[in-house]
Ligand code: NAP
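Okay, so here's just one chain, in structure tokens, the form predicted alone.
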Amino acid sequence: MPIQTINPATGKVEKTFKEISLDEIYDTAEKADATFRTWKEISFVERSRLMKNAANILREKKNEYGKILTLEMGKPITQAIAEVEKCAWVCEYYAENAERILAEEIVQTDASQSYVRFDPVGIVLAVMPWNFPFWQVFRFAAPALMAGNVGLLKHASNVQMSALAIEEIFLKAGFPKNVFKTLLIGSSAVECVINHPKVKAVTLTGSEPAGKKIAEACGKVLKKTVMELGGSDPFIVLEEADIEAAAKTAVTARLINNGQSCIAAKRFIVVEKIYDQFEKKFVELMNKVVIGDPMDQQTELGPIAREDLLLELDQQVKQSVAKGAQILCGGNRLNREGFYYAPTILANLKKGMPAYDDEIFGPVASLIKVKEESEAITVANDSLFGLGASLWTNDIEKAKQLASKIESGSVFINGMVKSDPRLPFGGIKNSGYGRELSHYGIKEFVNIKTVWIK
């Protein structure tokens, strides 16, 4: 696949990039390692100052950077600007908390003194996706750099303008030149980077197939990995729920980022006592969604990021319908310029249908009726994925009990699943392993070192 930006709202090529050579990859890695030798000795105070500079740049230029995100992958401009602001937040969080989180931990043993250190490991390679072009990168880079590591970024081929903008942000903030570098490479060159002896660890956010391939390559050379992969998040609505609030949030949770989010709600599991009420409201609200130019502040749903992804999405819907799924609204590509798909709700779903079994990456909701709450949990867990889950009920004690039974990395009660720098983020099963964000995330790429003194 060529390295180029194609505007998904128009289908036109905006910019093409030249892939760097293998020699340039190795030279970049060597320079990054040399920079690491000095960067790891820089004080937390100085690292914090630079990271706060990055946060300030992000806030000052949020509109400019937001337009890049919208141009490259089609997210509504209001969501793009919010993404940039969130990146500033994660920079500030680690600027303010990294030193405390990574302070030496005293442990009482038979030694005169014993403690645990958290030392940086070196170069961390980040293989990142196109759906959140800034956020996915900063949620890795902020903790990794604050811990004393350096970063190499292999971004998705269709968001290289974002990748280069992020590199520029760190430079403008005052970070040394090779603390964070973007590699203009395609997927075929990633294994060469992994195999470089100076690269110590890899973090990937992406699809399940990509995760398996990268994990296999890293396993061959015994390099630490964190994998944040796909999701088919359940949105469970019980009879005690506020149906109006649940339905309204359901639309947002399904259509966020044009439906292209690993933690977007995808399977809407509703108990039969309130199913008809919820379905009616859900369809009504989905039909009111404003579709249009993602640069327009009023637009709520923009295009799918690439035409091949649009065609794959449409095929999943058609296959599900052929097996008996019912279209309640949408179910078709829109007849307009660009890669637009109608907001869609499918009902009458069963195992064996793509809309039941697979991750649907677009504005398509799978609506599933169950008899009662125990079946709701069974259906929620009947998935290869386990990233996030949303549970709706006004019986909070019941919700807490059910949360322990849901197989996922997070459970949000009466709210949509989201990431927050203060909370760990990640999944189980085929949604990956390891954690990002919070104090758990920053410790993924450090050497947890025991020191024992007699």
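It should be emphasised that the depicted structure is a prediction, and the values quoted were computed from it without experimental measurement. From 1 onward, residues are counted along the sequence shown.
The discussion below concerns the form predicted together with the ligand, not included here.
Subject >> Among the candidates Thr252, Ser207, Asn287, Gln319, the residue which, in the predicted complex, approaches the ligand to within 4.5 Å (heavy atoms) >> reply: Answer to the contact question: Ser207.
Original post:
Just one of Ala142, Val202, Val193, Met128 has a heavy atom within 4.5 angstroms of the ligand in the predicted complex, so which one?
Top reply: Going through each option in turn, the one that passes is Met128.
Original post:
With the partner removed from view, which of 115-123, 334-342, 150-158, 166-174 is the stretch that lies within 4.5 Å of the ligand in the predicted complex, judged by heavy atom distances?
Top reply: So the stretch in question is 150-158.
Original post:
Thinking of Pro234, Phe268 and Leu391 as the candidate spot, does the ligand come within 4.5 Å of a heavy atom on all of them in the predicted complex?
Top reply: Contact check failed for every one of Pro234, Phe268 and Leu391.
Subject >> the ligand contact in the predicted complex: Asn258, any heavy atom under 4.5 Å >> reply: Because no heavy atom of Asn258 falls inside 4.5 Å of the ligand in the predicted complex, the answer is no.
**OP:** Evaluate Gly324 for contact with the ligand in the predicted complex, applying a 4.5 angstroms cut-off between non-hydrogen atoms, and reply yes or no.
**Re:** Because no heavy atom of Gly324 falls inside 4.5 Å of the ligand in the predicted complex, the answer is no.
Original post:
Does the ligand get within 4.5 angstroms of any non-hydrogen atom of Leu229 in the predicted complex?
Top reply: Result yes; Leu229 sits at the interface with the ligand in the predicted complex.
Original post:
So in the predicted complex, does Gly186 come within 4.5 Å of the ligand, heavy atom to heavy atom?
Top reply: Contact check for Gly186: yes, within 4.5 Å of the ligand in the predicted complex.
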